[in-house]
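A single chain comes next, written as structure tokens; it is the form predicted on its own.
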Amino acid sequence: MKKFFAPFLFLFPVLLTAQGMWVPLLLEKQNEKEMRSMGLKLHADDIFSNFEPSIKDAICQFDGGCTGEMISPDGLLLTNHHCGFDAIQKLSSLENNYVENGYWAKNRSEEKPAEGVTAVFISRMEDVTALALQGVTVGMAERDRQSQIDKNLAQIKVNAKKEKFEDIMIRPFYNGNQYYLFFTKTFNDVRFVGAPPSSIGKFGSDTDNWVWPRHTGDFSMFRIYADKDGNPAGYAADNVPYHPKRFLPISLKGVEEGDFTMVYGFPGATNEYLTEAAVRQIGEVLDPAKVSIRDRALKIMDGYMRKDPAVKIAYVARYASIANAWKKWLGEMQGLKTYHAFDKKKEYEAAFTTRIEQNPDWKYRYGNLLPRLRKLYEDIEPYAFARDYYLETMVRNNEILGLASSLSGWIGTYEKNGEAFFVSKQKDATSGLPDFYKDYRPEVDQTILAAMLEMFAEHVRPEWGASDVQAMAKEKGGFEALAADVFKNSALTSQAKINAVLAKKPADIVETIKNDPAYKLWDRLQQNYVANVQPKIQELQPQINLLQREYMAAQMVVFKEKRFFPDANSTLRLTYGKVRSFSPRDAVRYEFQTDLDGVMEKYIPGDYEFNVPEKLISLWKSKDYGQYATKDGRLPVAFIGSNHTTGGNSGSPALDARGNLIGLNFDRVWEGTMSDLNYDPAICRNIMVDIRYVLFLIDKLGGAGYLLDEMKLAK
């Protein structure tokens, strides 16, 4: 018995820590006892309730990919600066540069409609696993299984009793072993209230991204508006501020080492239960490929941005988006290797194998799972590499080919569905073009295209498209010449040119675009991908998904004593931990908090990453921190904790033991970026803006202290 359980205690620190992204509906059953032992002063139904107002009613998914929270009874919403950045950038111009200079509405009439931004709240949720899996049998073909589930889910939606302004979504959990139903309410009238200048909201920019110590005031503010009855409505001048069922009180007490913390939000995606073969493929094959591609694209973009302020404004949001994943993958690669993730996965799988070998029934049911998964990952690796290389070079990091890709679906409808259907879809297919061209710079994109074509030709197998690109480049006189020829003759390079095409008859629109050099280049590579790479992905990935689902279910059976949280899937989750310093390596220790003195230590006058406003320097010199200072007279900026977070948690509220807002989650430490695949409680930390710094910047720097009047502040 000792030999059997000793490895288990080593392998599952979850029993001793608060690792996990937990389903709030199940907190009372799974987590409340542990949370209260760690310091929580609330009950589970204070955090989540389907029937009474709870903290969940103050939390929303912001703009489809972040989290926001209500901080006043009048719909005032707080989120990250980088979450609101796209909206801020779209509202900016050279004359009114809210990105560079910041902005604060002085009254409700100055709050600016953020077109397209949404705020989605969860009304209630239910476990519908039994209904979703009705009629699903063991050994069922994967396609038949999914077809049955789809029918079940459709029926669940039909039978669900919802309010007039509610929507329904159903999401799989545990790789499709469980299903949950969510009733949601989506608000579309969201208005920009204010944000600090990017020198504060993005202080440290890409150099400091994903690292600690951090000194970024990463926040922005919006307000949700509703109709006179408090229901979602499109923008209208007579809409009124939304009055949420619950908003978060704000604590000015601050944090100390060991304080209990919670982060509530919508984490995007994790893969904590993958096999060693899968994680090794990500860390040693796929991440390095994507990093090298983005590294080259970013260097080109950065060069143009540094030369021209107008290009910087146009590309700053795109650059940040591309760089965010690039640096995350770099940290993930390093963390997986440095902290022995592959070995830990092997040990876990060895423990799994030991247990099933001792149980004849388990051995029969699960004995071949791991060997089959290893073989499938070996088979799919070259195709997965080619897929990522194609998407990164020809779609994600090159705008003109990305545009061609987005238009292809519409163009394809002409021959399939006829002219009438084609015309009916024209508005949908082209509505985003003004936004695309507003910030598009062909000279930047042309240089990037040349680099992407060169990388594709060098690293992809010749028979999978590389030989085509090499031949085209040779014909034109090189990759730069090939890119120049495409841009010289393409109608996709400007709004005026594409508008001229769209003014033609439907048949001529289709013919012109299909013969456009940019579209033809994309189509040639796409057809090659579809013929040679995609079929194997479509053949092998469903087999992997099936076995991963079975492996997930097997783990939950074999390790009955272990609590399993479901991987993140952009649904509402709660994670909890403590304010914690950490030591990532020998002789290095990071404290849990940073302050304004650290900002000034990093300050470089005029530098686009480390510049700060003169007013902030003046406030620092005079130590004019007001009620936001610590007891020893410092101004706190950020702090770290052991909360298990990921993308989508950006903007999530950091809450204390009583549910008061103490910070705003915005990042993870470099050493812990591997946490989506291998959470290590010793070194994985989330980074939060201290709410006192947020309030100080609103009040003292922004001169918008009137906003504090509608908040509930607790000292």
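So that there is no doubt, residue numbering starts at 1 and follows the sequence shown. What you see is a predicted model, and the numbers here were worked out from it, not measured in a lab.
Separately, the form predicted in complex with glutamic acid (GLU) exists; it is not shown, and the next lines address it.
- Although the partner is absent here, Thr646 is a contact residue: one of its heavy atoms lies within 4.5 angstroms of glutamic acid (GLU) in the model of the complex.
- Within this chain, Phe62 is remote from the site of glutamic acid (GLU) in the model of the complex, having no heavy atom within 4.5 Å.
- Among heavy atoms of Arg396, none comes within 4.5 Å of glutamic acid (GLU) in the model of the complex.
- Contact annotation: His82 falls within 4.5 Å of glutamic acid (GLU) in the model of the complex, judged by heavy atom distances.
- Residue in contact with glutamic acid (GLU) in the model of the complex (any heavy atom within 4.5 Å), chosen from Phe121, Trp210, Tyr98, Tyr180: Trp210.
- For glutamic acid (GLU) in the model of the complex, the listed stretch (54-62, 28-36, 648-656, 41-49) containing residues with heavy atoms inside 4.5 Å is 648-656.
- Taking glutamic acid (GLU) as it sits in the model of the complex, the stretch 666-705 comes within 4.5 angstroms of it through a non-hydrogen atom at Phe666, Asp667, Arg668.
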